[in-house]
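Shown here is one chain on its own, the form predicted on its own, set out as structure tokens.
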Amino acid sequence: MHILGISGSPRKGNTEWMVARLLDVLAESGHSTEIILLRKLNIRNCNGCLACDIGGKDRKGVCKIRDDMQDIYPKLIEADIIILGTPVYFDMLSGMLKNFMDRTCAIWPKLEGKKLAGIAVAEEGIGKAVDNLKTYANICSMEWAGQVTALAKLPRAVAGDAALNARIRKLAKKLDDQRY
């Protein structure tokens, strides 16, 4: 399988570490993995023009905004499993990840049937962040495959958490198991 991880954090920290760790564990089972760090890309906001609307008159299924999303669309379509990672801000997703999700409007019908897993990291509480990811999966007709969450205040604080590492391995096993 090909597994694509997306880190929606503006900094190199806990979210990125958790997404990368999950991908590393999955790679141990022989899967092809790739991580995309949204913080390093130029992804403009969706402007709601509807040019990508599958039923629209304009360029069906193609976003007219030219930025780094053009390189990500084929990777999303090719992936068997997509992992979305986010820090939690005001009990919700990061704006960076939400913007990315908005920009997948051009290809969302092509995401149908893919597995989606979530990673969320907060200082005090996960809030609705995982629910936001599940809603996205539902809208795109993707199969929700599970999540791992953590509480941490300092960057990379999660790296030494043995219990968290065990939960990451458990999710990796679930993603690796075709019977779930």
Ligand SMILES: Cc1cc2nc3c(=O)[nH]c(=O)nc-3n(C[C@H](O)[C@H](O)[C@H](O)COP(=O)(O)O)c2cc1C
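Counting begins at 1, following the sequence as shown. Keep in mind the model is a prediction, meaning the values are calculated, not measured.
The following text describes the form predicted in complex with the named molecule, which does not appear among the structures shown.
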Among 45-53, 62-70, 132-140, 151-159, which stretch has residues whose heavy atoms lie within 4.5 Å of the named molecule in the model of the complex? 151-159
Here the chain is shown alone; which of 111, 37, 122, 116 has a heavy atom within 4.5 Å of the named molecule in the model of the complex? 122
Does the named molecule, in the model of the complex, lie within 4.5 angstroms of each residue among 9, 13 and 91, using heavy atoms as the measure? yes
